[in-house]
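Coming up is one lone chain in structure tokens, specifically the form predicted alone.
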Amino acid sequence: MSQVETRSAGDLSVSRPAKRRARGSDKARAEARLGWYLAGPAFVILVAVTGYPILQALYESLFSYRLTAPGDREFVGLKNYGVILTDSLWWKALGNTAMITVVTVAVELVIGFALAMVMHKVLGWLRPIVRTAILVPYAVITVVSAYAWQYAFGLTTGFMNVVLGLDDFDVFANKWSALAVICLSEIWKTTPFISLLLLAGLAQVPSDMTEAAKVDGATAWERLWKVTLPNMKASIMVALLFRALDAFRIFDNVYIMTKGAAGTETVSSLAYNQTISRLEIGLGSAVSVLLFVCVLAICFIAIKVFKVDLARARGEG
């Protein structure tokens, strides 16, 4: 009798965790199913909206097709890609785009982190004022911002030549000075976006870990390097990825300030010029597809380099 009771108690002790796991698994499946029911329609629409233009561009890129001569449309396979990849204009545009992306994202990350620290540390009634003041540039429309920088550095309309002592130097007629102004306008406009993302990451750094490091005698630099930054890895990756993708697709600032003149053409402006200005739908579509491939490559590299599991970062792992 006692053996039977002991075995029953043992079976019960083994089966309870299994039942709890089963219930937890059922709950997780139910939550996942509910999530799909709620987000499914939006997901389908999102795929249709984003997938159709990509597939259409991929299809059009296989044809020699000029909008003013629709009767001459001819299937050429991958010939358009060969034309683009052997043209020096593509590589110059790609180089300009990569340079703008690297410079602006690197500078924005440093300044954005400093601004995030300021917004995180400031207390009391000053906090909303400081946060609002820092975020104001991001609220300005990109086109308006680009025109403001163009007028500021314009030879006839601007004041920056007088301030910098440049006399009659036309900033937008020189490649490197024009690219420098384009980078400055990007940095001014979008640094608040990075600082906002990094501020969210700072708020997730456990204060007890920082205090423990301070008690152990760690310097401010050691606390930053060994406690703060590792705990902000997911936020830094998201900030870098979002801004890198945005910077790589830069178009507004270049179009308004130089229209791609003086060797400042980027990949997006090249696609615009081929598709809209020259009405070469086939070549323009091929440039757009190559731009999409570059964006995918940036996403892949960012995820591989940072090796961040966002689900685990949210505490779901």
Partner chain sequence: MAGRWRTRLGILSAATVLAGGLTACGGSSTASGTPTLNWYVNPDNGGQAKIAADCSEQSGGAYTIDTSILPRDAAAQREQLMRRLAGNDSSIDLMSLDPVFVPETSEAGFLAKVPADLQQQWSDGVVDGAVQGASWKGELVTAPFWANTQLLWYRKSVAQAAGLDVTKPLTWDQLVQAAKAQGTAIGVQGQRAESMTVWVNAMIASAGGEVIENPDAKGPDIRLGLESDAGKAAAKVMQDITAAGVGGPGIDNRDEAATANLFQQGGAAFMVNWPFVYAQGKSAAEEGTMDQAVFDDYGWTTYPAMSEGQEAKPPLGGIDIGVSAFSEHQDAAFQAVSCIVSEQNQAAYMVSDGNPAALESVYDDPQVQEAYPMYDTIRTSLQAAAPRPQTAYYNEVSQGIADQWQPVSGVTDRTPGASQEYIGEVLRGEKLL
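Since the model is a prediction, treat every value here as computed from it, not as a measurement. Positions refer to the first chain, counted from 1.
Not pictured, yet referred to below: the form predicted in complex with its partner chain.
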{"query": "Three-residue site 170, 260 and 270 fully in contact with its partner chain in the predicted complex at 4.5 Å by heavy atom", "finding": "yes"}
{"query": "Heavy atom within 4.5 Å of its partner chain in the predicted complex - the one residue of 155, 143, 129, 203 that qualifies", "finding": "155"}
{"query": "Contacting member of 216, 222, 74, 87, with respect to its partner chain in the predicted complex [4.5 Å, heavy atom]", "finding": "87"}
{"query": "Residue 56 within 4.5 Å of its partner chain in the predicted complex, heavy atoms", "finding": "no"}
{"query": "Partner proximity in the predicted complex: residue 83 to its partner chain, non-hydrogen atom cutoff 4.5 Å", "finding": "yes"}
{"query": "Contact label in the predicted complex: residue 278 to its partner chain, heavy atom within 4.5 Å", "finding": "yes"}
{"query": "Proximity of residue 287 to its partner chain in the predicted complex, heavy atoms at 4.5 Å", "finding": "yes"}
{"query": "Proximity to its partner chain in the predicted complex (heavy atom, within 4.5 Å), stretch among 188-196, 106-114, 172-180, 208-216", "finding": "172-180"}
{"query": "Residues from 55-69 in contact with its partner chain (non-hydrogen atom within 4.5 Å) in the predicted complex", "finding": "66, 67, 68"}
